[in-house]
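Here you get one chain, nothing else, as structure tokens; it is the form predicted alone.
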């Protein structure tokens, strides 16, 4: 794969909610850095760690996948992965997990640029964490987090992962209200025990106390937030043409997801829905010549968001679906929080790896979502260096194509720009649209 740097145009974003989310996130991060500099404990978490506990305890934290995306968007990963290579590590470590570890090797991090007077590094660099937390969902991930913690002198904490013994194909119909039915009882029991141990560790480490009433409030705010995402996901699905594309929804949704459990995040989700609904009511379309509706599987290409828009004018092909909004709609809501808040949280986080990475959980959900959104073709980015993100890609492709959805699989990386060439990848999608998506839709329309 070509590794030369290619010029990239900026993605065109139209929503005020997207700009608001970015502005809020920058202000929040600046405040977080001040709190850390003042001596507060600061945690670095993997995305599948139950951050709701830290939110309820008011412990500052950053999520690994969000920070890797920021580093990728700021074009820092070329330098960081070069530092990994120079330090004797493999050059193909999972980029999501290894980016912050690589940053910890950067001698320039947090230094002041003499020309601008600003700290070097993305957004001034990651503050020095005192805690690093991950789950044992991947052999590589836990070791990388351990090395990251060692470089920063942080306490390293690991949460066990359990494996499902049953795989309900309709998990997205069960998880909101019937989550006791969705999971094995002993699996939920083990996860609740892990949560209680995490709370003990955090109380001892930080001196802060876990408040169950505050925790219930956090859980209810998240249900409120994800409820708005569900309304938004369903609204977009029923619109022909769609009012917005993934370029707006990914950033607007995900920046608020890392703030979930706050009043701001719930209110932002409502504002996002209302802004898109207003576009629908006005009859506005993101791409007026929409002809083909595309689903993007896998992580976002954080280094080149404009890529998603390059097929709109040429073909009327619009990326309307990603896992980011859809997971918010289907995977997070847990009703009946008041009965047992910790058990409700356990039911939220223990299934995330199943929903995203384990066929037939993921493949059946993708089929259901493709049908709901009238998808004409699926573009599936599979990283070369992440065992989790392979996600049973063979089985996913097979399941979708058996239902009549053409699938293009290509290998790339969400944050490592050395492994991305927009022209090469764009050519693959061009060919896919011309030779598979268009003929497949024409054939279906003739059959009608």
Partner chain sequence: MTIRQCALDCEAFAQLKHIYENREEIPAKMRADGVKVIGKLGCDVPDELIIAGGMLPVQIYADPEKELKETNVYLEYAFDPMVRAQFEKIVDGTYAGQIDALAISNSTDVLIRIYLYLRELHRVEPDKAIPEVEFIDWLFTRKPMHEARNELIAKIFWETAERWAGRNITEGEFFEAAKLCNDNKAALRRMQALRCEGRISGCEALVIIGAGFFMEKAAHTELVNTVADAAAQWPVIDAPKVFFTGSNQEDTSLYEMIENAGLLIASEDHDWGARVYDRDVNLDFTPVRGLADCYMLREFSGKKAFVSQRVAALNREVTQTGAEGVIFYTNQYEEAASWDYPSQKESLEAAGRRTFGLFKMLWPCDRNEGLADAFAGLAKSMKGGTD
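Not measured: the values here are computed from a predicted model. Residue numbers count along the first chain shown, from 1.
There is another form of the same protein, the form predicted in complex with its partner chain; it is not shown, and what comes next is about it.
Asker: Although its partner chain is absent from this view, report whether residue 392 comes within 4.5 Å of it in the predicted complex, heavy atoms only.
Answerer: Residue 392: contacts its partner chain in the predicted complex.
Asker: Could you tell me if residue 187 has a non-hydrogen atom within 4.5 Å of its partner chain in the predicted complex?
Answerer: Although its partner chain is absent here, residue 187 would touch it in the predicted complex, with heavy atoms inside 4.5 Å.
Asker: Is there a non-hydrogen atom of residue 319 within 4.5 angstroms of a non-hydrogen atom of its partner chain in the predicted complex?
Answerer: Outside the cut-off, so no.
Asker: In the predicted complex, does residue 156 come within 4.5 Å of its partner chain, counting heavy atoms only?
Answerer: Contact check for residue 156: yes, within 4.5 Å of its partner chain in the predicted complex.
Asker: Judged by heavy atoms and a 4.5 Å cut-off, are 27, 123 and 179 together in contact with its partner chain in the predicted complex?
Answerer: Not a single listed residue reaches its partner chain in the predicted complex, so no.
Asker: Which one, 333, 140, 239, 285, lies within 4.5 Å of its partner chain in the predicted complex by heavy atoms?
Answerer: Looking at the other structure, the residue within range turns out to be 140.
Asker: What is the one choice in 203, 374, 160, 211 with a heavy atom within 4.5 Å of its partner chain in the predicted complex?
Answerer: Only one option qualifies, and that one is 160.
Asker: Would you mind picking out the stretch of 273-281, 83-91, 243-251, 321-329 that comes within 4.5 angstroms of its partner chain in the predicted complex, counting non-hydrogen atoms?
Answerer: Heavy-atom contact with the partner occurs in 83-91.
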